[in-house]
Structures are given as structure tokens and as C-alpha cells.
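Next comes just one chain, in C-alpha cells: the form predicted on its own.
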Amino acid sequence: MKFGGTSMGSAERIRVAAGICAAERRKRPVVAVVSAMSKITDLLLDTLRRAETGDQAGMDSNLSRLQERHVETCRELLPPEKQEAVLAGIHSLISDFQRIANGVLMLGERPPRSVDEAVAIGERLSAMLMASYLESTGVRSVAVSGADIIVTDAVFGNASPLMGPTREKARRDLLPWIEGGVLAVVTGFNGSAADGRPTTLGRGGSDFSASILAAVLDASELWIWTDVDGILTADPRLVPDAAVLGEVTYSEAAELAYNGAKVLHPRTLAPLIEKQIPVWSKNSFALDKPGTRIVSKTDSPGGPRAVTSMASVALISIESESSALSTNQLLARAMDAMARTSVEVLVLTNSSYRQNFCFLVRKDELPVALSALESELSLELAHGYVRPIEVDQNVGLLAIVGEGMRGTPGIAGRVFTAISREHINIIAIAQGSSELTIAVVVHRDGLEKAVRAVHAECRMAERAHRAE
């Protein structure tokens, strides 16, 4: 069971999370994986940024907020006789973070390795609080650092697991606790390289930690607890009648996540697919809601199942000015530059005749993407073989997802017609041969209307209710 930041956001929420684990543990063994308390990771990162720029006052203010929040939670969560040891643990962990922040302050820079070690403090604090609360209620529990179990490569900030060594460590160091009836509370998001250096797992890191552990421990299920009722047909802030999907496939969940839906990160699903471990997405704020089950196959009706969107994106366009430089060559080099810098390409489309192509990236990755492209194509840009790189930040992405779209005629036509009825211009279109997703790039000011139009045209809410 994995609990996100909002599910760990206060003493009250930690009690609920612990209660969920304790109730399930009476039926079968449980491992909990926890995120930092809501907004704590952002606070830690902001503290390091302030340290890097020499903002001692801002750094100290953040450290005080960090300590106050966890001390207050501890006092509210635990009986007085159980508080002293945990308060000492909180002070010790925050002192470790302060030591790293002071090092950044002196250096005037944030080494990636130090950042990974520092931001893991948030999860370590929440794991200690939850394990201590479980112990105080008579449930045998232990806080475990993910760095002691999950072995990764040395790509700081976005590490990937080494499943063989992780399995060995998990079965040697974690399984005995489980077999002994102890409820282990493991920190999400963090691991360590083979040489012991701390690493973090990047976007969706705590979910990823949970799926890694589920795979190496041969779990029967993985439950992801968040603050939404499950995976919906659309963002309810944009589409008021969005409905919860009872079941989706691994592929559908991955595509929805990749294209902006607040569900599992695509990497999270990879360790589970081979072992066919089902995943539940559930709401810790509404325990009566059944949630969404993610499995390899479903009996859902054909056609689109959900539409998702991303507003904070940018479209990069590259065009050759020389027939000596083919689009394929240019495209290969551009994609290689993105791969080297770990920039995710969300949509890619090209024109053979004009020898140009465009691709979509997240706005926060745009500076890195442009720097990598300008470096890779510096000679061609300098001599005019390639036109100046164009960037359009006034765009948005919507993606229509459904396994049942494969081989069903007319869906793309209905989608484009629905968008055009709203007088929204389509800038780019992409659909893979699997026909699992239709990705559409539109002007930013028409994105929300396009989402609502497609959701209504494809009757997604109605179909979701019919499938229940």
C-alpha cells in the first residue's frame, strides 16, 4: 500500500493511513510505502535553492517551518509518553538536512548527489511518524529506508532500479520483518546506487518505489492511495460529469499518465506488467469508493475511454534548409539530444516534403531541451543549413485513450469534428500504430473547450457508468 503526500499530510491523515494498513494486515501481510507529507518535498527543494543563492534568512525560515510542521504532527499524533524518542528522531533528521543545506550554502551550488540525499529526508520523517503511531496502537511496525532496499543506477534525480540486486536485498532485509508479522513502513522515492550513494527515482518516485517492492516481493496486489476516487474519464475540474473508470488496462493507465492525468507514472507500471500484479487506485479520503483496478485486460466496451490534457507544454519546430541534410538525419540527432538529457518527448510529427518536424515537451524541460538542440546542431544553425529553432509556448495537448479504439473506424473523425465545432485550430496530430492514443496539439486558449467537446462527443461518462 502506497500513500501519497495528501494521504500523509497531517496527523489525522496519518491515522487514517495507519488504520487502513492495520485493518488489511489482519487478513494478510502488508507493506506500506509513504511519500513525504504534502508540500514538504517542495519546501526541501526551495530550501536548497535558497542555500545555493546565499539566502541564509530564507533557508533558516524554511528549516523552522520544516521542524514546526513535523513536531506539531508528532505531538498531535502520539501519546505524550511516546513523543520524546520520535521528537529526537525528527531533530536528528532535520539536522542531517541542515548539514547538507549548509554545504550547498558554502559551495554556492547544488550537487545532484547532495540533492538526492537531502530530499529523501521528507519520506524518512513521514515513515518514522507512521511507524511510531502504529507501534503506539499496538501494531508491530518498523520504519525502513528505501535506500537500504532499492538498488539503482547512479543517475541522480531520475534513477532506475536494478531489479536483481533489489530483489536480493528485499528478500534478505525486508522479507524477514514481513514474515515475522511486522508492518514495514518504507520510504518512497529514494534508493541508493550499488556503491551506497543516495539516489531518487524522479517523477512519481514513491509510486515507482511501491511497484518495485511489489514486484520483488511477489505481492498479490498494489494499492495506491491518493486524494481522488480513482482514474476518471477526464479531469473533473474541466469536465463536471467526469466518471470513475472501474477498470483500465496497464497500457491505458500508462498512456493517461504520460499525457497528463494524475494517475500512476508510466514507469510505475513496468515492474508489475511481467508479473501481472493488479493495481488499485483508491481515495484515502473516501474509503467507501471502490476505486479503479488496473489489470492486463478488461471487458470494457470498445472506443475511447478517457481524455486527458496538459497545459504547461511547448512545441519545438525544426526545419532543414539544405537538401543535403535529410529529415531523418536531423530527427535522429534531435531525439538523441533529448535522450541524453532525459527530456520526455510527448508528441512527435513530421512532414517529408517540407523537411521539417515538431515535437512537444513539458515547459519546465524547455530550457534543457533548447540548450541540448542548440549544442547538437550548432554547426548547422551557424551556417544556415537548419532554420532557427522555433518554439510555441501557447499550446496545449489533449490525448484520447482507449484500448477499444483499435480497428474501430470513424473515431478520429468524430474527435476532430468535435474540436472543430468549437472553432479550435488543430496544430499537430499523432497516433501510433497501436491506435491506443490519439494526441492532438491545439492553441492553449482552446484546450479546456476541446477536452469538454471530445468527452461529450465520445460519451465517455455514459460509457463508464454502463460498464459498471
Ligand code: ADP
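So that the term is clear: the rigid core is the largest set of C-alpha atoms that superpose within 1.5 Å between two forms. Don't overthink the numbering: it's just position in the shown sequence, from 1. Quick caveat: nothing in here was measured; it's all calculated off a predicted structure.
Just so it is clear, the following notes concern the form predicted together with the named molecule, a form of the same protein that is not shown.
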The single option of Val228, Val151, Leu272, Val115 touching the named molecule in the predicted bound form, heavy atom within 4.5 Å: Val228
Partner contact for Pro236 in the predicted bound form: the named molecule, 4.5 angstroms, heavy atom: yes
Contact label in the predicted bound form: Lys262 to the named molecule, heavy atom within 4.5 Å: yes
4.5 angstroms heavy atom contact with the named molecule in the predicted bound form for Leu315: no
Close approach of Leu232 to the named molecule in the predicted bound form, 4.5 Å, heavy atom: yes
Contact segment among 254-262, 129-137, 385-393, 91-99, judged by heavy atoms lying within 4.5 Å of the named molecule in the predicted bound form: 254-262
Heavy atom contacts to the named molecule in the predicted bound form at 4.5 Å, residues of 1-21 in sequence order: Lys2, Gly4, Gly5, Thr6
Flag for Val451, CA shift 2 Å or larger between the shown form and the other one after aligning core: yes
